[in-house]
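Given next, in structure tokens, is a single chain: the form predicted on its own.
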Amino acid sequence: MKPTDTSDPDYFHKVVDCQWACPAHTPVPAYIRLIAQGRYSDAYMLNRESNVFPGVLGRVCDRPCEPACRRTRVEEEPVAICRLKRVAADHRDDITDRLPKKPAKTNGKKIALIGAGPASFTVANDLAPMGYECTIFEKFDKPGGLMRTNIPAFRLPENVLMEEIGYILDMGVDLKLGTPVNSMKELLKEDYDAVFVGTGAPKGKNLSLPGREEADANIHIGIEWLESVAFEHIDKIGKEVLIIGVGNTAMDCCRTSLRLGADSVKVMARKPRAFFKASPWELEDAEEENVDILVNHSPKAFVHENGKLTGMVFELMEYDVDENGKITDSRVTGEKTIACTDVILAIGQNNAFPWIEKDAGIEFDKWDVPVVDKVTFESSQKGVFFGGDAAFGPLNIIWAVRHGHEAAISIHKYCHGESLTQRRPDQLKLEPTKMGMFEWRYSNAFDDSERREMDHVALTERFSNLGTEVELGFSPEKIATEVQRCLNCDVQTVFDAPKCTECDACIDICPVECLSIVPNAEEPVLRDAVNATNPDQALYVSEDLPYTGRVMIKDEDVCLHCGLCAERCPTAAWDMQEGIITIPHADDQNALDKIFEAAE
């Protein structure tokens, strides 16, 4: 194999699995170290550079970072990354003086943003401080999009949401509430230089079964029902509620039902638990509140008497699952009727653009989803961009934030007549962490503590008020313990081949046996030498070593970044250096252009 090109920003970035897995690429280990030092405001600001809504996402993120966490290499549970994000938000000082300010003079470019959700606010967050005049149009009388309408207040308090939205509005963003856009063609006639669509996927899926029309009064579409609850149009529900579906929306529906007066709530799943879409913690929280989750029940019909819903008929299913966990066959083994007063359908949601005319120049595919470039987020109509659920269908808040950052870059380039595809690459710099002969400016000792559990409000206190937040946050003891569970994966093992004397000291001390010095060979042979079994993670290969011409190899997949190799090495061939990745946003484009021009 050729020597590994560690100058490629993605090489060391990918080794930081949590940051690599985060759509917004939040620098997780870096902000956890700041929390460990009690620098909560600094941790919050570092979070905000990438994810924009640390207080919101510290409560309700889908946590793609946690399954990727390297802590699972040594034990079952990952670091509580999401909850530590909330720690930074809950314990920070006033940071308003550290936020971008409204410029004294705008640049004359006007941007229309449709929908006051996370994607639109991220675009405004990036562009407004650069002098763009951003106007957000929202059909409801309160902002937030799905963060407000789909996530109940007992998970995301309104004051947390409004505070972080307020930071962006204070940058000079014009928010027009109760102002729906009814015609794309008419909007395009106005003097906006670009348009961003961040309206989400607001149409819940229906279930057309016998009895649906007759029992309509007590059958609700999940996201529409949650929306009505959020705006206080609905404040009660019947005593026996069935939730159809097992995604995160279903979990919000079942827990909300309990707070609106339901005595019995059952979540009906068509498949076994291994196939649920809901996050494991969402399921745990629902079951803690005595929600029953019934598997292998496929809806067949609604039962009604005199125009009133009385129950549902389900087919009882049985499945064959292969060794890879895929369903290979299914069969109906029986039938069951379950009594209920209300049914909430939470089986998915779709995009809906009734206000975009067919001749507005925007192409839609066969599923009525706009055709959007996955790099630039531009539609077939020049100057019209999409992001969040409106672009590619339902995802989650952190993906909407990522889309907003990328769309903001494109809008900035579009407004200046530049190529949308020629974007500044990621940048990585390595900074030594050595403070002494064997001292580092981070804690590299392995802490074997188990993941801390979140404290919750007592069950007896949860249901009297829909706005009572269930999760209380981490105590000081739990914060101090959880931050030490992070393995500091962004502090990289950097190898200087000419200094190596091939003494094998690093190999002897490595606790996970990820190092070896061997004759160079093809990749499969080298992988076998260190038992590197994960092909998705890189194998490090050094230059030829000076004494024997062999190479140092390292399995990046299992390395704990403990620094023992660097501490043990007598020649300092190994060093521990922090890899600081820069993911360019819209305001980085001009500055980076100048840097690249100077380099050329």
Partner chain sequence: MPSFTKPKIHLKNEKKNDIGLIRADYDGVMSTLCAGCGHDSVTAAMARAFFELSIGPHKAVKVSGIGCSSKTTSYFMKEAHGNNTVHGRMPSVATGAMAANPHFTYIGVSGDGDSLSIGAGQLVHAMRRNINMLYMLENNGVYGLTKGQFSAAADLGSTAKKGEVNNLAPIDPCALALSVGATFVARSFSGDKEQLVPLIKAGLKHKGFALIDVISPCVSFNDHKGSTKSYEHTYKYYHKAVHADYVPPSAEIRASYDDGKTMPIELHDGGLINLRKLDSGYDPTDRASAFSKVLESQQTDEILTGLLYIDETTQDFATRKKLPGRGLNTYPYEELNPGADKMKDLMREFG
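Residue numbers count along the first chain shown, from 1. Here the structure is a predicted model, which means the values were calculated and not measured.
The form predicted in complex with its partner chain exists for this protein as well; it is not shown, and the discussion that follows is about that form.
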Original post:
in the predicted complex, which of the stretches 353-361, 392-400, 471-479, 503-511 has residues with heavy atoms within 4.5 Å of its partner chain?
Top reply: 503-511
Original post:
Is there a heavy atom of D365 lying 4.5 Å or less from a heavy atom of its partner chain in the predicted complex?
Top reply: no
**OP:** Could you confirm whether K185 comes within 4.5 Å of its partner chain in the predicted complex, counting heavy atoms only?
**Re:** no
Original post:
Would K382 count as touching its partner chain in the predicted complex under a 4.5 Å heavy atom rule?
Top reply: no
**OP:** Consider A104 of the chain shown here, and say whether it contacts its partner chain in the predicted complex, taking contact as heavy atoms within 4.5 Å.
**Re:** no
**OP:** Heavy atom within 4.5 Å of its partner chain in the predicted complex: which of E49, E543, E567, D62 fits that? Just give me the one.
**Re:** E567
**OP:** Report the residue, out of L539, V558, A36, A68, that has at least one non-hydrogen atom within 4.5 angstroms of its partner chain in the predicted complex.
**Re:** V558
**OP:** Could you list which residues of 60-90 come within 4.5 Å of its partner chain in the predicted complex, counting heavy atoms only?
**Re:** T72, R73, V74, E75, E76
